[in-house]
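Here's a solo chain for you in structure tokens, the form predicted on its own.
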Amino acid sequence: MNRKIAVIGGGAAGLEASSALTSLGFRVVLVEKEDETGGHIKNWHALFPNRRPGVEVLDALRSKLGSDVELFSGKTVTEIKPVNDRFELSSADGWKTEADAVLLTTGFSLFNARKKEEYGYGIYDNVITSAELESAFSTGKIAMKSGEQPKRIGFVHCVGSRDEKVGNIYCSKVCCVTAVKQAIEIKQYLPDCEVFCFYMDMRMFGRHYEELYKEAQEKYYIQFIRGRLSESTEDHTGKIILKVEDTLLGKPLKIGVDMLVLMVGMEPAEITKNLGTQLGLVSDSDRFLVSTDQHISANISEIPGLFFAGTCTGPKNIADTLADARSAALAIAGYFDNNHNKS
């Protein structure tokens, strides 16, 4: 076909879409703002629900990229301009390219936990995020700031999700299962550690997620407490003191932990917001991009030749992201088939 497709973003969606597009006969320009591809997967030690190493999935995605994919890393696309049925793309450093179609796979950003001051992130040494804990799993060292191993750890679900105070009323879909996965891993690293999960509702919607939740309770004795954390403080020993209302018992609780892990949710990436504004794309109330029809045309934008895949249109797990990327590749092929037939 000799058509050239620009894929913006080299995370899971971008890698999978690029390989799918080349298998359909397209040439691909893959543009990644960081120095290497992989997005958030490259920072993830193990994936739910089977705790498969993240690097294994990432290596498989990278290995599928063929010679028809031209990779530009360290480039942030700042402008996409439709010109005569094609697109001109450019970055702030003067880099430019042209393409017959564009696929946005710009991913997501993690919620900034500092916005929830009452949880103490950035204030207390032993309050960390789920992403930071995942990095610790990669090193094999789970320790407090003092270097000691924690004897009690608390996980707080829905940090930056389902929260009107920060303007994110949506569910990020992956926080509950990530908390369960990480809580099990903590028990595997530190069998004698007490682990508490503070949740609003357990949204274990995916295949084998419920089994993972059951395993956490029955095999690892992880304690799940329904109730939103109202405040955390630090005492003179460095312990984090949590004030929680157990909504099932209808009683306030006060619990001391050595480490508090905040399960940060997804937000639209800055590049998504910038390109969306520049192109005049429609965003929903959750600020993620809106396709022409979320059921029938989930990968198609209002601009002919511009497509979406992955979490730029909303929170997704990795499996759903990869399926969405393959769907986008087929939508692009269909777009050119239809145009060819019309001509």
Partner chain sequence: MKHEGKKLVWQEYQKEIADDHFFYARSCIRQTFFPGSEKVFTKILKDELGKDIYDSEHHTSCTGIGYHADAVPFETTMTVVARQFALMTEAGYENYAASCITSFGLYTEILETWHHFPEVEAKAREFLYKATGREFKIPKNLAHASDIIYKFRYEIAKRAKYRLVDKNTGKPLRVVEHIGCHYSKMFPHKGVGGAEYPYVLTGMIEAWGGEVIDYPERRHCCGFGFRQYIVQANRGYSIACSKKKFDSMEPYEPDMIITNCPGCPMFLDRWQYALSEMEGKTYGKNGNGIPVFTYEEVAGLVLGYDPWEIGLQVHQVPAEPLLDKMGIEYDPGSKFKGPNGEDLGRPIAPSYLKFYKE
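Residue numbers count along the first chain shown, from 1. The model shown is predicted, which means the values in this text are computed figures rather than measured ones.
There is also a form predicted in complex with its partner chain; it is not shown, and the following applies to it.
| message | Taking 4.5 angstroms as the heavy atom distance cut-off, pick the stretch from 177-185, 100-108, 113-121, 263-271 that is near its partner chain in the predicted complex. | response | In the other structure, the partner sits against 113-121.
| So in the predicted complex, does any heavy atom of residue 241 sit within 4.5 Å of its partner chain? | Contact check for residue 241: yes, within 4.5 Å of its partner chain in the predicted complex.
| task | Examine residue 161 and determine whether its closest non-hydrogen atom to its partner chain in the predicted complex is within 4.5 angstroms. | result | The answer is no: residue 161 has no heavy atom within 4.5 Å of its partner chain.
| field | Distance check, residue 233 to its partner chain in the predicted complex, heavy atom within 4.5 Å | value | Heavy-atom contact with its partner chain at 4.5 Å: present for residue 233.
| query | Should residue 141 be classed as touching its partner chain in the predicted complex when contacts are defined as heavy atoms within 4.5 Å? | reply | Output for residue 141 is no: heavy atoms all beyond 4.5 Å of its partner chain.
| request: Could you tell me which one of 81, 207, 96, 254 places a heavy atom within 4.5 Å of its partner chain in the predicted complex? | output: The residue from 81, 207, 96, 254 that makes the contact is 254.
| Selected contact from 194, 215, 245, 125, since only one has a non-hydrogen atom within 4.5 angstroms of its partner chain in the predicted complex | Exactly one residue meets the criterion: 125.
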